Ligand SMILES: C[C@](O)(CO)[C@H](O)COP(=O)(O)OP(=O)(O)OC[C@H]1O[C@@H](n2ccc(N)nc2=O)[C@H](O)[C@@H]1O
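Given as structure tokens, the chain that follows is alone and in the form predicted alone.
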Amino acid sequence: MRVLEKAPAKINLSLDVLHKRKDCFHEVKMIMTTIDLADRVELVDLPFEEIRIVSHNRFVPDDQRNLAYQAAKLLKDRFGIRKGISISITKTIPVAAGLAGGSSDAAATLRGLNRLWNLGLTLDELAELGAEIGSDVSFCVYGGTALATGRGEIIHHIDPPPHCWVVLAKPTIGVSTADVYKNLNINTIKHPDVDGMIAAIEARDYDQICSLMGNVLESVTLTMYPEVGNIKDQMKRFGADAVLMSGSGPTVFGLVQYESRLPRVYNGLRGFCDQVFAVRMLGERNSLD
């Protein structure tokens, strides 16, 4: 039997860090939403008990370092599944980009195996399991638009933002999330108005959403990797309505309300980055149907 799952990327419209916790994680408050840039995860039964990761992307690990592998192993161990599974991941989301590609692949694996193995778990139960794998996996199980708190695993669903275009550009560097957090000075950061962003989204006020976008990790990554700032400047120059780095970076995204302005932003960035995408914002939740 075979099951296919879509694994959408996410962007952070607002990302705040409140303090470092006793468990060494950081307490965050952030708004994430899914976009129409997605990996494809194909799950196929194997006749022998093995978890096999198949990917043609050389940056995707094919062992227990892979979050999709961890998701399959978690379900096998938790529910006593004595079956093998092949997990084929067709990557479209750039790797190590701040777009939760690995987390979304893991979430898609949880949803797909729930169907393939007839586990009967709800999205809430899958999200709870996802939190054991990584901070972004819970959100990716649900998709849609949400306020994430705790270390990112406590999800509060909110309305989707108004429809618009999202242009993404990833420079040819990888960013260590751990290094970014290590260099973050909680005492000097300017906190974004996360609550104001929620109100703007619920009011479907596109201009206010653009004005309130913020990410406290951005200044750290820009100091470490000045090329990220260069991409931000170029995206603004080519006419994006609002520009921000997603997650810990290095991907920069810009919102564009009108399709007529999209080609100028997209084509302009092609001269600065190999990996440039123009997609729609999704913002709607996944279902188990």
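It should be emphasised that the depicted structure is a prediction, and the values quoted were computed from it without experimental measurement. Residue numbers here begin at 1 and follow the sequence given.
Separately, the form predicted in complex with this ligand exists; it is not shown, and the next lines address it.
Student: At the 4.5 Å heavy atom threshold, is L15 in contact with this ligand in the predicted complex?
Tutor: Output for L15 is yes: heavy atoms within 4.5 Å of this ligand.
Student: How about T177 - does it come within 4.5 Å of this ligand in the predicted complex, if we only consider non-hydrogen atoms?
Tutor: Contact with this ligand, yes.
Student: Does P161 reach this ligand in the predicted complex if we count a contact as any heavy atom within 4.5 Å?
Tutor: It does not: once this ligand is placed as it appears in the predicted complex, P161 has no heavy atom within 4.5 Å of it.
Student: Under a 4.5 Å heavy atom criterion, is T221 part of the interface with this ligand in the predicted complex?
Tutor: Outside the cut-off, so no.
Student: Would you point out which of 132 to 140, 115 to 123, 200 to 208, 161 to 169 contains residues with a non-hydrogen atom within 4.5 Å of this ligand in the predicted complex?
Tutor: Careful reading of the contacts points to 132 to 140.
Student: Which residue, A240, L37, I231, M32, has a heavy atom that falls within 4.5 Å of this ligand in the predicted complex?
Tutor: For this set of options, the contacting one is M32.
Student: Just to make sure I understand: among 213 to 235, which residues lie within 4.5 Å of this ligand in the predicted complex, judging by heavy atoms?
Tutor: Heavy-atom contacts within 4.5 Å come from L217 alone.
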